[in-house]
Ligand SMILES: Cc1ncc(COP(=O)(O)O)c(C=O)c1O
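Okay, so here's just one chain, in structure tokens, the form predicted on its own.
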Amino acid sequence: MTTITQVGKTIPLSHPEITDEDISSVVSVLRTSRLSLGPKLLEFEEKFASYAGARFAVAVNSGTSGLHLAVKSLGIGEHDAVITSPFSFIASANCILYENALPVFVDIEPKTFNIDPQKIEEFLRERCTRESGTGLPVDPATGRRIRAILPVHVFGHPCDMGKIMAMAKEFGLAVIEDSCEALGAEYKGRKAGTMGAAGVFAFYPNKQMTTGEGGIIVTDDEEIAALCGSLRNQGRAINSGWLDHERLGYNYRLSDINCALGISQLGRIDSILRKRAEVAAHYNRILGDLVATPRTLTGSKRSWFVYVVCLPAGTGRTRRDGVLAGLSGRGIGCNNYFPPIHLQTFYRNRFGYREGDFPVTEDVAARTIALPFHNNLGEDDIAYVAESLRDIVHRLS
């Protein structure tokens, strides 16, 4: 039986799995003269596209960059708006602002923590009018055309893409899937990220697999792929000369060093996902009577990005913060995943959001805690975290 107090014990919130093969793959690139825009970039893109089940993949230096280019590639701009979730990492909303478009938040489902398709439908049918000529929905409050839906597969749980895609088709909207947390997740047999016009994955060190820093765009649309490939490389055309640029672009390249690590990690992705599922299952067995985790839709497959628990209804932010402090005091890495985007300082100041604007998001955000989670988290450490959480929750009751 693990004891509650273990002096000097520290369990990090996340920890990347880097093998000798990963290191050898990176070193092999360092021994060449092609550290960027070399053969490993193309190899990584081809292998990732094959894994995801997409025609094309465009590697970039972060998931945020990938989301930005996906938005830009669809021609979304200053007269437009994009429907998305307020319960996410802030990049999924910021990427819309980068093109001077407006993020339109729609509240989430209380059990899956994903954007609520019913609330999307209510917004489109009850609040929006139709633009003459295009037939696109227009939000009378802002005068912006709704151009797209950007669902976020939060914590690796697929959104209800059937309903979202049906609404997108009816209203003439594009769909950009934020799959940055959902590598390997599936919705009714289809990989997350492959159902919309484009999907984006991220490879930060706490993700299912890592390239150190990095991301990738997947799409079946050749024009989107070509445009994103140009934009990530300073606007250079795919077949143009070294200093010939045909559009305003960005330095969003992913080096061959990063790609080599990605190729190595992707080669064992099934093992990685299996390990993470086993860690989550062990947590579930010993915490199931104390806290809840997001529900997975029937017919879907979750990919474990983080292990987030939700304290009982009515807990409130103050008590949640007390639990976080108690866990930290015992050397246990933890965090509140996620603070609502609309209540972050920048969004409050710029758009005037207030508490109460998205009540489900705010309630969930006030009760969620990310616990230590990575591929090789041992059973003793899981037991220590679980017993500590149980003890702290009991003390604060």
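Everything numeric here is computed off the predicted structure, so don't read it as measured data. Position 1 is the first residue in the sequence shown; the rest follow in order.
The same protein has a further form, the form predicted together with the ligand, not shown here; the description that follows concerns it.
Peer 1: Looking at 323 to 331, 83 to 91, 183 to 191, 105 to 113, which lies within 4.5 angstroms of the ligand in the predicted complex, counting heavy atoms?
Peer 2: Going by heavy atoms within 4.5 Å, the stretch is 83 to 91.
Peer 1: Using heavy atoms only and a 4.5 Å cut-off, determine which of 207, 232, 276, 302 is in contact with the ligand in the predicted complex.
Peer 2: The residue in contact is 207.
Peer 1: Of the options 146, 164, 260, 152, which one has a non-hydrogen atom that comes within 4.5 Å of the ligand in the predicted complex?
Peer 2: Selected residue: 152.
Peer 1: All three of 62, 67 and 214 touching the ligand in the predicted complex at 4.5 Å, heavy atom to heavy atom?
Peer 2: Checking in the predicted complex: 62, 67 and 214 are all within 4.5 Å of the ligand.
Peer 1: In the predicted complex, is there a heavy atom of the ligand that lies within 4.5 Å of any heavy atom of residue 202, even though the partner is absent here?
Peer 2: Judged by the heavy-atom cut-off of 4.5 Å, residue 202 is in contact with the ligand in the predicted complex.
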